[in-house]
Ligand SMILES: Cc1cc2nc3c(=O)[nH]c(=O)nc-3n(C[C@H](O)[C@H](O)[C@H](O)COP(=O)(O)OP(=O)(O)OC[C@H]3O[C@@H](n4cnc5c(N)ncnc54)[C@H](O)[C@@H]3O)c2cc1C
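Presented as structure tokens, the chain that follows is alone, the form predicted on its own.
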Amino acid sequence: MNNYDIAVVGAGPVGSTFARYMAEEGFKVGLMERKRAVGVPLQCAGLVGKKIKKLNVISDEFILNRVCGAHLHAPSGEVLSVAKKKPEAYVLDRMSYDKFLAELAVENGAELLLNHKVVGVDPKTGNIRIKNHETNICNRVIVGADGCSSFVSGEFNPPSKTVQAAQYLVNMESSVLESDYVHLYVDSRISPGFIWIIPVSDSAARIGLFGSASYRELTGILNGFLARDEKFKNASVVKKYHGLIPVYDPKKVILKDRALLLGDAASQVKPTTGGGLIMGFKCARIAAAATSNALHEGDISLLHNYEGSYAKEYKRELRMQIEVRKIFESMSNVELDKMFLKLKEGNAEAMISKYGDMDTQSPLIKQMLKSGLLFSILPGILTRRISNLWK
């Protein structure tokens, strides 16, 4: 069996993107996927910020819909509506896009090895063992991009914390959806998770939720939500999906000797929403730069530049989002309703429309602090904790 400069474990979008970067530089890259096919089953909502066009290769064939705004719903029914003039997010055909990114890595020189389940990793030597294969694969660097239940991560981290997610693809008999708006519903039963409606078209949507409840409890909440909404009265559920979302862990070890972690395996997800594609693509670039330098210089210790660059890029943003997540976790539905009313009265819709960003939320929070709006909706101690992040 071939040996490689770099073994990438997991051919998801982040692992495939990293593999392409390294193959483009002429390194011998093995892209190993435990499944028989890339991109299946769908395990995400497929909504991604417009920054993706600056961070990775994507053509219009993978974009099912474009979204300009969002309706944010309180438990009582109060709604905050925010929007931009141009699309802020895209609804993707993730299964096709994931497959495309893996194929792009192969076109640039990576070797895709399907049905290769990694069952042994040695971060010191770079050796990995594949199920049902007699010999080890020796690599100069191992990259764990194998999701929130990462085998590679498990070699030097405790099991990752995760939350359950459930999602339905729903078709309506007529055009009843605003196809350029998503809907988000907060509910203390699943906080800091939420329910989403992501339109694929004006008559089809991905409707789902995530939270710390069990899958059975989540589907019960989701079924009740659909039953109460009149526009879904004659809707049909075409497909059902479920999966796990990693919980961001600031203590996660992302580098050990010759092994580094990327994407969900590194818990590189937004603490507030669990989304991680944009962050994962950015981190793939950061990791590729550090890995290329380490291999060209023949000095594996230079991989540590990955840790430093990642922290510099995301440390403050992630700390701020952790505080926001903690606040939502602590609030009852009554408190959530009061918060929405104060946001409405404080002209938050205009502020969110102007400063809101799916992937970088600190500019909006900073503006809410500056305007005094955050002081009006949160207890002083919580506001001080957030404001201290900028000191």
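Predicted model, so just to flag it, every value in this text is computed and none were measured. From 1 onward, residues are counted along the sequence shown.
One more form of this protein exists, namely the form predicted in complex with the ligand; it is left out here, but the text below deals with it.
With respect to the ligand in the predicted bound form, the three residues Gly30, Gly126 and Ala290 uniformly fall beyond 4.5 angstroms at the level of their nearest heavy atom. At least one heavy atom of Gly147 is located within 4.5 Å of the ligand in the predicted bound form. Among heavy atoms of Cys44, some come within 4.5 Å of the ligand in the predicted bound form. Using a 4.5 angstroms threshold between heavy atoms, Ile190 stays clear of the ligand in the predicted bound form.
Among residues of the shown chain, Val9 is one whose heavy atoms approach the ligand to within 4.5 Å in the predicted bound form. Annotated contact segment (heavy atom within 4.5 Å of the ligand in the predicted bound form): 110 to 118, selected among 79 to 87, 298 to 306, 110 to 118, 252 to 260. Residue-level contacts in the predicted bound form: of Arg66, Lys50, Lys344, Arg34, one residue has a heavy atom within 4.5 Å of the ligand, and it is Arg34.
Only one of Ala205, Cys283, Leu277, Ile142 lies close to the ligand in the predicted bound form, with a heavy atom inside 4.5 Å, and it is Leu277. Of all the residues from 151 to 173, those having a non-hydrogen atom no more than 4.5 Å from the ligand in the predicted bound form are Phe151, Ala165.
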